[in-house]
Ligand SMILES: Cc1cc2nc3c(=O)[nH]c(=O)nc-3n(C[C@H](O)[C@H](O)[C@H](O)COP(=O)(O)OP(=O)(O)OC[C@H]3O[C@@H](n4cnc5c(N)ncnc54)[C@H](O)[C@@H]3O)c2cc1C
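Given as structure tokens, the chain that follows is alone and in the form predicted alone.
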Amino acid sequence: MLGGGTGGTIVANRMRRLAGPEELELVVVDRDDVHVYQPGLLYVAFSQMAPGALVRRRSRQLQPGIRFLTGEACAIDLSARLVHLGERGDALAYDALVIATGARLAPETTAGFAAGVAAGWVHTFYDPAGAESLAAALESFEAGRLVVDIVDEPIKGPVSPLEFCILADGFFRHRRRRSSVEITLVTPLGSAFNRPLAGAALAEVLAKHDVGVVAGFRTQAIDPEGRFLVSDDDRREPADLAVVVARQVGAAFVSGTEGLADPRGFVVVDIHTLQSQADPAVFAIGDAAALPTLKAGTVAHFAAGVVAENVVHFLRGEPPAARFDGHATYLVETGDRTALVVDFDYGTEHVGGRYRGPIGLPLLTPSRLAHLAKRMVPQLYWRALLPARHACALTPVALFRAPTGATRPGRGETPGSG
């Protein structure tokens, strides 16, 4: 298992439940032993959570009998079935390999990004240090244009930039500065969110919070001296404070393995079995996989059982039987202690009504109950989702699965594109 984040940890724990140590040796490799609950970084930026509350040891999240190694993969030899680790100089043999290395920030691909950060004008909340720095910048921001810019798609946590704008509205209202602060979302997409019905609901929420949207703007460069963003068609968007979500790509060693990845470095897999199209012994999960759905923790959660089962089938010489439908669920902060639920899979956008089950959260409608569920997720993440306990069937995430209404994508839309 390459990667001890959300996807890698859940898959490893599920596989341990499917096959005992006498049948299967499980090894998880990651560059460090620091597991960060990444959705919480949004709250660090607004001083609502401390960075330390988001961090646990990766090795402690694994079931007994799973070996954890610290090391960074630098190459895969598909023919020899070996993973080469950089500084360690080790070569690990495998019978089956799961790539769960996520998506990495690539700010160096955008001209002027580093200079903007150095000037204290460009900030990010996609890593702990950036989120802390941004918290200080927001506290001292008295007036001007705050621009939240998504450089390129896909990104992990694709709704987080929208949530940032909504939380920023409340942040400045609470400090009685909102009338002096203009908040604008800049996105390469044709709208705030690229699912038609969820996008319409989210656009309404953004408008309610007086957040402007500049769509179809693909950032090519950042000018820290002039303090504006430059698009690939030479448009300019000025900003007094820029919160920039950097372009994101797959792991370098994945890109360097011939036939394994798409141009962005994400593993090309069968979208249902999650088995590599380059080698049947390789699987991918979560943000590391090139899938037509969101790069989000819930996607990894829903896909983990499929990967675990299909790896075990492969090792037993059986065809992959489990299938992933691209299921993604998102709880979106909508302000005023409410949240909104969006849910879809490869071919269906679920809309209207309520989910069946004990909670019955409304779909695409802001509610306080959904906000309460969202605030419960961090503890459930550590205690039930990562350990892959049966109790996770009782979590809010698992209850978001049986909608009372659904719609198919319209003509010209890409099922599950995200």
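So that there is no doubt, residue numbering starts at 1 and follows the sequence shown. These numbers were taken from a predicted model, which means no experiment stands behind them.
Form predicted in complex with the ligand: not shown, discussed below.
So in the model of the complex, does residue 130 come within 4.5 Å of the ligand, heavy atom to heavy atom? Contact with the ligand, no.
I'd like to know whether residue 253 contacts the ligand in the model of the complex, with contact meaning heavy atoms within 4.5 angstroms. Within the cut-off, so yes.
Please run the contact check for residue 366 against the ligand in the model of the complex: heavy atoms, 4.5 angstroms, yes or no? Looking in the model of the complex, residue contacts with the ligand do not include residue 366, since no heavy atom lies within 4.5 Å.
Contact with the ligand in the model of the complex for residue 102, defined as at least one heavy atom pair within 4.5 Å: yes or no? Yes, residue 102 is a contact residue.
Contact check for 30, 71 and 298 against the ligand in the model of the complex, heavy atom at 4.5 Å: The answer is yes; 30, 71 and 298 each reach the ligand.
Just one of 261-269, 208-216, 223-231, 288-296 has residues with a heavy atom within 4.5 Å of the ligand in the model of the complex, so point it out. Within 4.5 Å of the partner lies stretch 288-296.
Pick out the residues of 107-140 whose heavy atoms come within 4.5 Å of the ligand in the model of the complex. Residues within 4.5 Å: 125, 126.
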